[in-house]
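Just one chain follows, in the form predicted alone, and it is written as structure tokens.
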Amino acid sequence: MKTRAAVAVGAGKPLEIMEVDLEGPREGEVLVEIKATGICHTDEFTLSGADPEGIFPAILGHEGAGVVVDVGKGVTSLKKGDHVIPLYTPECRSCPSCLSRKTNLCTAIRSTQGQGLMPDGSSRFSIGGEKIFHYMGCSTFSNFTVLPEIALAKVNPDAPFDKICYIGCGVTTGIGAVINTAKVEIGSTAIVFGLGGIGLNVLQGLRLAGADMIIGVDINNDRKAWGEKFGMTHFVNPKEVEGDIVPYLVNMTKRGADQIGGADYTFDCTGNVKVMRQALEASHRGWGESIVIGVAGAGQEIATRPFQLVTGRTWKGTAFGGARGRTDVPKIVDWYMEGKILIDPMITHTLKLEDINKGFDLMHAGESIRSVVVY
């Protein structure tokens, strides 16, 4: 069949809208009509050439929602007409990682997924007989795409595609980092570095978890109002602080008899390795946890004095917010439908596929929280 797609033809080049060939689903695979897709910083990371796993030409996009059109042989958990969200972190429920219950990082198809291929080592996309690579196992910048059954979450059919597509990455990553990775307790203090799409979802995750003092840190003062909308109680712009931001934040978090200071939990949503260090060192001596969510460029490293860790701080990383996609994503969609979490305000721009490059421009200019392409 034919499908319209935004194709990444090379690093640093604008996406090109073209009609490509898409082969139907093979065994264990599902054909999905994508109804809406978000434009995420991870897509930009790959398109820029900074992603060491970036392969071209490819159809990017990993934050989508759509409808099952057809299923291949052996597919049992999905049928035509089901509403689904693609999962760049699948959940097979049978690999050693899934069975361990210690991680959400399913390894069933990781090797081929990183190569831009389906589990059998081939691609379903092509143009003029030439292969086009998949992206993160999803390729939601195509109106139709094929995914493994284990990489799709069946969700509430009443949920609007142009909103729940954001749950395919940003919402789940932010909220999940709080609930699944950090396991924040009621009354905790927390600091969130970077109030973009991920950071705002960390804020509302902290609100859900019952955190008390929630500090947002961002160099853009326009993000103060955004942060307050999603649960932030205090705002700090590092450019307006004299000297080192770390002691300033530590001092802010001194409460009552505790004169040591430092947050119970800190979250880096920037991808900046310097900020990652600041986040760790702004956490509380003895028990502070700092969660790394942002993705740094290839070859970059984080550093701190061993003393920071010896004295009880913990550095943690999280992918997809520690969520098990097929299990947890439908629950988060339900939370949205029940009004427990906000998504609508974060969808600041809605675009057509032919305008997808404008979405990246808005991201670069800091004018959008999330742009969504509706097919």
Ligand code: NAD
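Heads up: residue numbers just count along the shown sequence, starting at 1. Note that this is a predicted model, so its numbers are computed, not measured.
What comes next is about the form predicted together with this ligand, which is not displayed.
Remark: none of the three candidate residues (Asn180, Ala209 and Lys331) comes within 4.5 Å of this ligand in the predicted complex, counting heavy atoms only. Looking at Val69, you'd find every heavy atom of it more than 4.5 angstroms from this ligand in the predicted complex. In the predicted complex, this ligand sits within 4.5 Å of a heavy atom belonging to Ile219. Although the partner is absent here, Asn272 is a contact residue: one of its heavy atoms lies within 4.5 angstroms of this ligand in the predicted complex. This ligand is not shown here, and in the predicted complex it never comes within 4.5 Å of any heavy atom of Ala108. Stretch-level contact check against this ligand in the predicted complex with heavy atoms at 4.5 Å: of 301-309, 124-132, 169-177, 145-153, the positive one is 169-177. With the partner omitted from this view, the residue of Ile55, Leu342, Ile347, Ala319 that lies near this ligand in the predicted complex is Ala319 [heavy atom within 4.5 Å]. Between this ligand and the residues Leu78, Cys95, Met252, Val295, the one pair within 4.5 Å by heavy atoms in the predicted complex involves Val295. Taking a 4.5 Å heavy atom cutoff to this ligand in the predicted complex, the contacting residues in 23-49 are Cys40, His41, Thr42.
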